[in-house]
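Below: one protein chain in two forms, given as structure tokens, structure 1 then structure 2.
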Structure 1
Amino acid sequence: MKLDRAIRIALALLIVVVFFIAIGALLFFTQTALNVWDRLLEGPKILLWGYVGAMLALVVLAAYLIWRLVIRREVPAVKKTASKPLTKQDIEGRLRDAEAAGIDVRDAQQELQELASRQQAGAVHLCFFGEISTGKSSLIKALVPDADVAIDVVGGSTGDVRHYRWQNSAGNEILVTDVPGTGGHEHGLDEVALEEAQRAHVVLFVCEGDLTRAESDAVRHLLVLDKPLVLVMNKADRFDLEEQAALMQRLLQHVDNMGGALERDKIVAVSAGGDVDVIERSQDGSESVSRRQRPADIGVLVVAINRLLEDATQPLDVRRDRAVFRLAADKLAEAEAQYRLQRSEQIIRNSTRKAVLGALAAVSPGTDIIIQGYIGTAMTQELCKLYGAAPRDLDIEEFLNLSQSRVGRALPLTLAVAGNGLKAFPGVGTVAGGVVHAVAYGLIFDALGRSLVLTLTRHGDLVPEEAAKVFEEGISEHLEAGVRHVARLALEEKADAG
């Protein structure tokens, strides 16, 4: 306890000394400041104001530097898409920029071309949409009895999208579209159907009763796109009047619960008829089966369609155009994502190769794997730029520093994976420690790059702690995924050098 007391006395003395130094410093600075101030007052005014200005500028600069260093730290949320409706100029501008950047914009461009040709033709497009076997084709047949001619297959889409000419009582030039049912087994058809619905002026959403969850989601999606919609409950003939009324009530309730975006007069119950097998018994007692058409009852549907078209033909065009711009923008976003994935692969491969080469060229490879150097920084910068992120140099440094400590912990695992990976190549035999080390080096860059792409895809920006965490969590998985390619790379480089 004696020592403790001695320390306390020493500390007390230290405080006294610091106190006197502080008082001295204060007096000294005050005196100097007053001296300077007096002289400035005596001297020309311009010098005084210049001095005050310089002082203020220094204070502002210091405050700015502190703010940049310490305070400003935006944690970006998932990037929001603009809620403002897209215009033709917006989307064309985006397409030009993307094309200049080397992105494949053909799909998006094709949407705009298709829209232009539809605008020129001028017909109103009605698309029957819904789950498989709800009776879309039957409804079209009831509406257009001689519908048998496919007049256009949308360029690039499957041949299952067909348009039929129909003229309503008001004389509107209409194209009725039949699309594949959703929820089927064939891959990709749901998307074909939904895209065609997006291109139409009006969607006739066909269901068979109350909406399933998938149907509910699809209706909501179309309403978000501001698609004019009629909800058609088909096959009403399967129920008696009381059951029909109960079903309609449930459907109305369901739609009301969606927030009332769909008015009640846009919900109709109809019967397309459909085929029915009839057993006929002849006089000699033998039975034969013949297929007959049930009578259709679609009057309310025709009325709902006519009312929609009478309402506002002009806004229908505007709403259709906007939905197609949205579709084109979605296709562009898909192409951009694809492009980024390919480019990021190249960037990661390049850095991995450099790391392997560097390790192979080292006279005596160190036991450490250093990622904060030139290759790590360059790779991080390039990947961030590719994903439109603009991190500060400090963030990149912090990310690499945080990840470096994880690299140290994962080193034994990395070396083991590298050694195993090399063994998988026949005829390699025992390899020198240098090659194992080079593979381990490359693997770390490969894993670092992959985890970075993952974070950038999710956040659109580099958040150092988050990115380093993702790197740590996925490291073993990424090491395994990259080992074959990195081991081959190292062996090729080694052979070239040898």
Structure 2
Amino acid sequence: MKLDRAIRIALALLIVVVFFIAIGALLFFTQTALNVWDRLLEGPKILLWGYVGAMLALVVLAAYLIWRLVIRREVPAVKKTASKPLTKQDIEGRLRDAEAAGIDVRDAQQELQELASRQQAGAVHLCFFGEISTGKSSLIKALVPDADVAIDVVGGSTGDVRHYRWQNSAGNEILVTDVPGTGGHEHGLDEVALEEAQRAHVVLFVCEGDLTRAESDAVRHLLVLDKPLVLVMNKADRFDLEEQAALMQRLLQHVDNMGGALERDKIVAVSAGGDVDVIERSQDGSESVSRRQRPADIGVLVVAINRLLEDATQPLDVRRDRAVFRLAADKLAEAEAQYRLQRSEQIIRNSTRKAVLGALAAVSPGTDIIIQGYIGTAMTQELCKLYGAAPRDLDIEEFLNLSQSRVGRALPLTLAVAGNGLKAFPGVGTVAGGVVHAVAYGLIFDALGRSLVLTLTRHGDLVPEEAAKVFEEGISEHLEAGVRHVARLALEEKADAG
């Protein structure tokens, strides 16, 4: 208690001393400020206002620097695609830049080549799109009776893209496209169908009634692409007129809920016809089953198509071209993502090798994550540049510091994983602690790089707190995934050094 009282007295004396120093400093600065102010008042007005302006500028500059360096915290959102429609010059410029960077752009270039071929041919493309068993092929057969269309009672009879020529009453040359039905079991056909729909001028979306969730998603995607669209409710003869009207109103409401704009005459109810079994009863009471052809009823569909072709408010070619440019841009984005993934793997492996070499050269158990600070900084800078991010030096430093603070809790696990990984190599036997630590540090660098790639993919920029959090949450998974590679690397480097 005596010591406690002495400490309290000392603190009280210290407070008194600080108080008097603060009072003295305040009086000194006050006197100086008043003297300067009096002299400014006595001098020319331009000097007074110049002095005041300079002081305000210094205050603003100091406040900005403090905000920029300390207070400001940027948390960028996921980069969004620009709403401005892509042009041919836009996509061609991006393709040139990507090709110069070593990215495989063949798929995207092929879309532009196909577009040029269709532009030269000049025909209008109508694409029948929908889920399997909705009767797309039967509708095409009814529209183009001479078309060689494969119609099967088993759903999904269209396994590729097929084009059929049709000339409407106005004499327009039209290519009717039949695509694989979506929702089938064969992998990749949904993507084939959707891509062909993007290449078409007009999409005739065939359904059997109210939209399923998958159909709603497909319609929403086509509306985003600004595709001229006709919703075709096939097999309408199963419903009476009142039920048809209710279903068509539901379809129109779905489009409105999606934010789309579709006129009432762009939703039609049709019947593709086909064979039907009819039971006939003779005079003697016996019954027989005969197969008769049910006539097709697609007149409203033909009218809707002709109205779309005659509508000059938004040229079909322009809207088709924009959709294809979007398709080419999507394929380019896929190629860029694949390139970044491969290149980031190389950067991470290279940094991991450097970390292993550094640990083997100067092993110090319990050392923090950054064995050599420049390795972590260089890896972070390379990965950020690869993903088009331009972080501040302070962001990089903060990310590495936050990650380092999380390594302490994971270090025992890392060492255990490293030891177990080395045991998997025959003939290694008892491994020196230095090699175990080298593998551990290599694993940490490997996990650090992969966590950073995940953050850059999600946000398009370096978010220190988010990247460090991803690193902490996924370190166990990354350690298990990379242990064999890093252990083999450490053993190879150890053998070379020996």
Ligand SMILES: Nc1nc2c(ncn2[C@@H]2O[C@H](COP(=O)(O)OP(=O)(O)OP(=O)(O)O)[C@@H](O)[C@H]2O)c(=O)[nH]1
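Between two forms, the rigid core is the largest collection of C-alphas that superpose within 1.5 Å. Please read all numbers here as calculations on a predicted model, not as lab measurements. Along the sequence of structure 1, residues get numbers from 1 upward.
- Assignment of forms: the chain in structure 2 is the form predicted alone, the chain in structure 1 is not.
- The Cα position of Glu243 differs by 2 Å or more between the two structures after fitting on the rigid core.
- With the core superposed, Leu454 shows a C-alpha displacement below 2 Å between the two structures.
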